[in-house]
Structures are given as C-alpha cells and as structure tokens.
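Read the single chain below, which is given as structure tokens and is the form predicted alone.
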Amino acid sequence: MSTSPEIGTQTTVERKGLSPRRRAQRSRLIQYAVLVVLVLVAVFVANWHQIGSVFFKPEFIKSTFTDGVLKALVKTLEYTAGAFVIGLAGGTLLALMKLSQVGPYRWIATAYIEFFRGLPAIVVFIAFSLLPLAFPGMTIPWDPYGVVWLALGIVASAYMAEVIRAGIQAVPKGQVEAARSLGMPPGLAMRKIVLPQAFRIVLPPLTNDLILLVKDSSLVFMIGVAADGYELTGFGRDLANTYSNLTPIVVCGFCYLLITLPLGILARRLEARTARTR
C-alpha cells in the first residue's frame, strides 16, 4: 500500500520538531513570562512604604526645589558647556596633529590621547586641584569654572580627537584632490571643505560625548567648590547629608535625565539623518 506525498512531508516536519519561526516565538514568550514574574516578585516583595520614605519623601522633594536645585542645574550646564568647547577645540587640534605628516606632531598627539584616555576623570580633577601646591603662586583664572573646564575639557579632548579624526578620514579623498587641482592651499581645503563635512559626519558621536560630559560634571565636588558653585550632584549630596534622606539625590538624578534624555533623542535623530544622507 503506497503512502501519499503529503503524509510523508507531514511526518518529516513532525520528526524535525518546530520550525525556526515557531521556536523564536516560543523563546520570546518564555522571556516575556520570566520578565512578568520578576516584575511581580519585585512589586510584592519590595517595601514600598520604606522606599517612599527614603527616596521619594514629598516634603523633601519640595524643599529640594525651594533650596535651589534649578541653580545647581544651571551650574551643571555651565560646567558642561565650557568643557565641551575646550574639548572640541583641543580634540580638533589633536586630530589634525595625528593626521599630520610631521612625525613629532603625530607622536605628541598619540601620547596625549592614550594618556588621558587611560586616566579616570577623577584623577585629573584631583591633579588640577593640587596644582597650586606643586607650583606656588599659580592660579587658574575664573575659579571654579577654569579648573572644571580645563579638567573636563582635557579628558574630553582625548576622546573627541579620535572621533574627529575618524570623521576627517571619512570625507572622500576626491574632494580634497579636486580642491588641490583648483589651486586651493592644503590648510584652506581642510578648513573650507574637509572639516565642515567631517563635523556633519561626527555630530552623533559628539552628542554622545556631550552626554558623558554632563555626567562627568558630577565630579566637581572633588575640588571642594563653595556652596554657590555646586552642580547637581554636589547640591544633592549636601542636602542628603542635611536631611539624612536620599530624596534630594533622586531629585537631582531626575534633573540629569532632563538634560541627557533630550540629548540622546537628538543623537539618534542625527544618526538617522546621517544614514539617510549617505
């Protein structure tokens, strides 16, 4: 007695088990189920009354705003903006030095980048705060802004240099050769043709560097600034010690999100626009 082809095919599929699509669906369902279980366990096990009294106490939320959290937010933005300008200028110079045909320029840029990328930012902050001890009579202008801008900017320039260098190398060489054929000097071609296109290419990663600078500005408290120079972390830490409660720290954390989340959205949109342009 002969067996039909349909029955034979069905038997083969049953032997092999589920199709890849069905296996993927089953795997996702298991992951969703595990996630739901974990959330339910967290909801029912957590002591929400204790969490609310330690992290989200209403009277301390109100007092955090009345005591000047908005001023600390402005200070954070000022520290970040100045450091970003210094980092961008230094990073551009280092990127050009690393691409230079002059050997010593490349060596200096490489040593600088590798050194400051390998150091934690907090070490650079401490070193700058101790400079007057090493060099008596030395003062950094615009205190505390000068110290913060230089410390953050020096570290940021090491990271930005590699980003900008990659952007310069991503510009088609044909455009530079066309500029040279028109008699444009190399420096002018770099300023007028290469750098504008390179910055358009690296805008998304530079935005990510700006987000990192916002968070690194929390290290300002390490140099012992006065109360009127507190950024968000220093302000929240001081109030948390005063109230013996972590609510001010949580409020300051949400203030950081007010800065970083829009920047993250901007970076994603810039990446999408760059991809469409290419």
Partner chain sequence: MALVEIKNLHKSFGSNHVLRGIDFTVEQGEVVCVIGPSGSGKSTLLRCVNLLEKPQQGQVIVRGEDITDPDCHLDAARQQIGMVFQQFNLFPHLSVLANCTVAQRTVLKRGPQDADRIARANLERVGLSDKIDAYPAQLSGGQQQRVAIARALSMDPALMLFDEPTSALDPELVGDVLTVMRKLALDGMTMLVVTHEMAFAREVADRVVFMDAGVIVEQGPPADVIGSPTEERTRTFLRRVLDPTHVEPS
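Numbering follows the first chain given and starts at 1. All figures in this text were calculated on a predicted structure; none of them were measured in a lab.
Just so you know, the form predicted together with the partner chain exists too; it's not on screen, but the next bit is about it.
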(message) Given that the partner chain is not shown alongside this chain, does Gly183 nevertheless sit within 4.5 Å of it in the predicted complex, heavy atom to heavy atom?
(response) yes
(request) Considering only heavy atoms, tell me if Ala179 and the partner chain come within 4.5 Å of each other in the predicted complex. (result) yes
(message) At 4.5 Å between heavy atoms, is Gly174 in contact with the partner chain in the predicted complex?
(response) yes
(message) So in the predicted complex, is the partner chain close enough to Pro196 to count as touching (4.5 Å, heavy atoms)?
(response) yes
(message) For the three residues Leu188, Lys192 and Arg200, which mark the spot I'm curious about, does each lie within 4.5 Å of the partner chain in the predicted complex through at least one heavy atom?
(response) yes
